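Each of two forms of one protein chain follows alone as structure tokens, named structure 1 and structure 2.
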Structure 1
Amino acid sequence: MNYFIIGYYAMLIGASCVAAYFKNRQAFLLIFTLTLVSFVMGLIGGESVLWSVTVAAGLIAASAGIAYSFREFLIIILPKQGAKTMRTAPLTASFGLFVVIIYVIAAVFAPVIAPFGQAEVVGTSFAPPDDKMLLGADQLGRDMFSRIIYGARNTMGLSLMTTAIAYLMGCVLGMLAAVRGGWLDQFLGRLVDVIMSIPSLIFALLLLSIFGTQLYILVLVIAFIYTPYVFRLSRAVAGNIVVMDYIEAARLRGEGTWHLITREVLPNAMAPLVAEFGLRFCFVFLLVAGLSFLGLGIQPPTADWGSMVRENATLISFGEITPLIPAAAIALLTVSINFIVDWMLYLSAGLKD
């Protein structure tokens, strides 16, 4: 048994004793559980497994520290109402906000941050990292770091535009169906059921194979596929609102359909719709990345995280982690947005009270 293993268990046992002394039950259970799990895993896998556990615990601790510091920063700079809301925000939500802001900064200032262009060949094929290329080169000798930065702009920008179009069409049609009712509601409801019965990825592959893979076609196809999901949500939310007394009073005043949608229904349906927007963005984002991985999404030489995974997948067989970097970028953004959406749903449900 070397000094690392002795220090590892000594640190865990000492931390659990400190947590027990200060009667922090959650911290004690977490640390002591980690001690027991580490003991079992150490017996099975030896020192290498303990190193992996140490690295994972360090990353989690660093993420928690970043989340806590960023939350305190937002509490200081935000107005009084925003600061009050952030004080009750969980660390997962503040971590998600931090990651999303970093991604947005990378997307907006991509030409400034990236040292090279997204299609610029600056080295040899699969060149290792050096002082010029932080993450090495891809299969054509392009800088991986620059392409990941530009991929944030391209993948996120396309997903955001597509989600916005899907939300615009879905919300308008859903609220129109709820307000008008009758045959229009029945027709749109049955049409949506037919579209939703087809798996999203298969439907997207079919439509893109027919109409081509131009960027505007890709946006319209994905927006068309996800509009029914937004329609069902907005129809359900608006259906609970249109039966209220103030909607009937507005009808008796002679207000038109557009006034009922924009002034009466929409303001009262914003909370669940905004939360659902983040969740729907994740689905669109993953579909765009998946289509790019299959070669029918964003086309080369435009940088895209999904196509970058496909282009560098051969490196995995040589033990290189280069293809995992864009995949990790996709996973991190998706998890972070889900953290924020969970918090927003918690707030909109009134559980904070």
Structure 2
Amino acid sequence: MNYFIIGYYAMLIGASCVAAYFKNRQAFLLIFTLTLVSFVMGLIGGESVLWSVTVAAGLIAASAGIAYSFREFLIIILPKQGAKTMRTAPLTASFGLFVVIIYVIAAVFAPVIAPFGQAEVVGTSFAPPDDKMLLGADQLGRDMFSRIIYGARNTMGLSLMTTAIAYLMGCVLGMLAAVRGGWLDQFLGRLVDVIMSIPSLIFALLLLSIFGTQLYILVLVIAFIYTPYVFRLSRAVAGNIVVMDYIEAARLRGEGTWHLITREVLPNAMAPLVAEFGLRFCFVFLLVAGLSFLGLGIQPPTADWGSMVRENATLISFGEITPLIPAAAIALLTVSINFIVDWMLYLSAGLKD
């Protein structure tokens, strides 16, 4: 029994007593459950489990703090309309915004931020962190920190491009199907059903094994696999729009299909499509990361988060967390985007009623 464990339980029990005194039932339940769980876990796993819980709690508290201050910051600097929206934003959403902005900055200014190049060998392999290399070196002696920064640019850039292509194709085809109708609609619908009935990772593996793993092929293959999902969405959204009277009016005016799609349907379908873009980006991002992890995505020496995890995975068996950092970077980005999308969906649903 050392001071840490005594302090740990004293904190938890004290906090639950305070919560109970102020009649905050839910906070009390949360803290007291944590205390009970810690008893059990501490008995099984010993002190290290309690340390992990403490670190996790500290991280959550820190991110909540960041989210809170960032929201206040945005409320102050944004013009009136934006500030009004931000004031109602949940902490998760402002945390998501904060993370995404940091990532975008890292991606855009990668060469300025990273101390070394992404393929530059600067130390011995698996060198421990020192004041030159913040996170140590990878299996070939390249600086991990620089590679993570460049990875933001490569992985995010590739996913963004892929999602954009999938969106372009999916939206054009979906709206074309909705506006034209008839056999084209039927045909595309059935085609999409078939493509979607093959799991995306499996289909990607099949196509990549055939066409090779060059970068442009990777982009085209993944864009092709995700086009059906965008098609479904845009077809459904546009399907609700084309029955409106103003579309009928435009048709009677004699407008062409292209005008109908870009001028009449698209502006009204924007909101759900934009919200969905975030989600689709997450899926594409995860698929790219997964493929790179399997060694079939972005090829070395280009830095990429998925392949970095794979290359340094052996370090995990020595209790090092370095290989987990790129994986955590992937998770953090997708979680943040999901938080933002959740909020956007809530906003658009809330405005309706």
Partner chain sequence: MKDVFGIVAKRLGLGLVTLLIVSIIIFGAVEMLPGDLAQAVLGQSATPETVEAMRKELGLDRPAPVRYLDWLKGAVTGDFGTSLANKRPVAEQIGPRFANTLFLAAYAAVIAVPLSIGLGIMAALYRNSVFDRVANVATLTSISSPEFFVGYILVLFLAVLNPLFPSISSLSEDMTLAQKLERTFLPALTLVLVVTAHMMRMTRAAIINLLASPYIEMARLKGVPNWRVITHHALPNAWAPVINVVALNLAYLITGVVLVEVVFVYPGIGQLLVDSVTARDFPVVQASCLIFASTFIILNLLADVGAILTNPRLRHPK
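Only the largest set of C-alpha atoms that superpose within 1.5 Å between the two forms is called the rigid core. Numbering runs along the sequence of structure 1, starting at 1. No experiment lies behind these values; they were computed from the predicted model shown.
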Query raised in the report: So which is the form predicted together with its partner chain here, 1 or 2?
Result: 2
Query raised in the report: For the two rigid parts the chain splits into between structures 1 and 2, is V288 on the same one as G117?
Result: yes
Report task. Enter the domain rotation angle in ° for the smaller rigid part relative to the larger one between structures 1 and 2. Result -> 13
Report task. Mind pulling the C-alpha shift for T54 between structures 1 and 2, with the rigid core superposed, in Å? Result -> 2.3
